[in-house]
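Have a look below at one chain only, the form predicted alone, in structure tokens format.
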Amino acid sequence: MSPRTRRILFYFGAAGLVTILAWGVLGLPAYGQYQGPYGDLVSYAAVQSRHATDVVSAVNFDIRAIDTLGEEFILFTSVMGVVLLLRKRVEPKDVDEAAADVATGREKEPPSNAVRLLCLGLVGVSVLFGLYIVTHGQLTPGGGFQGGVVLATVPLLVYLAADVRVLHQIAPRKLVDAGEALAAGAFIGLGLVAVALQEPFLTNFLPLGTTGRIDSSGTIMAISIVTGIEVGGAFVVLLSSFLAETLERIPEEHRGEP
């Protein structure tokens, strides 16, 4: 297929996509004029029945928690696939030791004082903000997925301010692996506890507390916390695996250099 033909097909496809999107947007109801009963029922159930003021978290971690469980294990399986694909290059040693050995031979350029100061200054802020997002998902926009990603940036900031060995000192690979796996299993465990109590899977069995307080919403908060641990751990595992692979490849690519 010639470049001219590909451009023509692209223009037709882009025009069709824009037309469909415009059609859909023009068909939306006016702001504040919701036309379906589902949102009204969910809003009522989230606050009155679940004691959660953030309806999105009530949907994610209670009303449709089984969907969220599947999404979490999609991430878990993806990370496991990356680790399996990269396992060959670091198989003879523990990944932490391999990364440290390679880094000893050829490390990244040391960061400037400005970069080091900025990254270290952001560590504490990122930890507090990530913990806030994870633990307040039932009250304000956020939750385990968003907070877990924020917490995962902390080891990256440490790496940018120092090197890979310091990263593995504050986030040991084996500990992160275990935490991620236990948190993923805890999500299922919370559902099985409900089954053991003769309730449907993932039904709330904890005290709901007072609406608007951090200890409210029962299992919604618990699931948000274990999700935050799993998501944060998953991204740290990805970071460690990619860094180990990169640092091991660098000497091979520069063997011909004097």
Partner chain sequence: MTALVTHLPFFVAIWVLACGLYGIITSKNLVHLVVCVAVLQSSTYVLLVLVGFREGGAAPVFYDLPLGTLVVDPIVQALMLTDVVVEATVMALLLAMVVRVYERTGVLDPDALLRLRG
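Residue numbers count along the first chain shown, from 1. The term rigid core refers to the maximal set of C-alpha atoms that superpose within 1.5 Å between the two forms. Every value quoted in this text rests on a predicted model; they were computed, and no experiment measured them.
Just so you know, the form predicted in complex with the partner chain exists too; it's not on screen, but the next bit is about it.
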| item | value |
| --- | --- |
| One stretch from 183-191, 116-124, 160-168, 140-148 that, in the predicted complex, holds residues within 4.5 Å of the partner chain by heavy atom | 140-148 |
| Any non-hydrogen atom of F242 within 4.5 angstroms of the partner chain in the predicted complex | yes |
| In the predicted complex, L202 touching the partner chain (heavy atom, 4.5 Å) | no |
| The partner chain contact in the predicted complex: F12, any heavy atom under 4.5 Å | no |
| D62: touches the partner chain in the predicted complex, heavy atom cutoff 4.5 angstroms | no |
| Contacts with the partner chain in the predicted complex, stretch 1-23 (heavy atom within 4.5 Å) | P3, R6, R7, F10, Y11, L17, V18, L21, A22 |
| Shift of I214 between the shown form and the other one at or above 2 Å (CA, core fit) | no |
| Core-aligned C-alpha movement of Q198 between the shown form and the other one, 2 Å or more | no |
| CA of P29, rigid core aligned, shift of 2 Å or more between the shown form and the other one | yes |
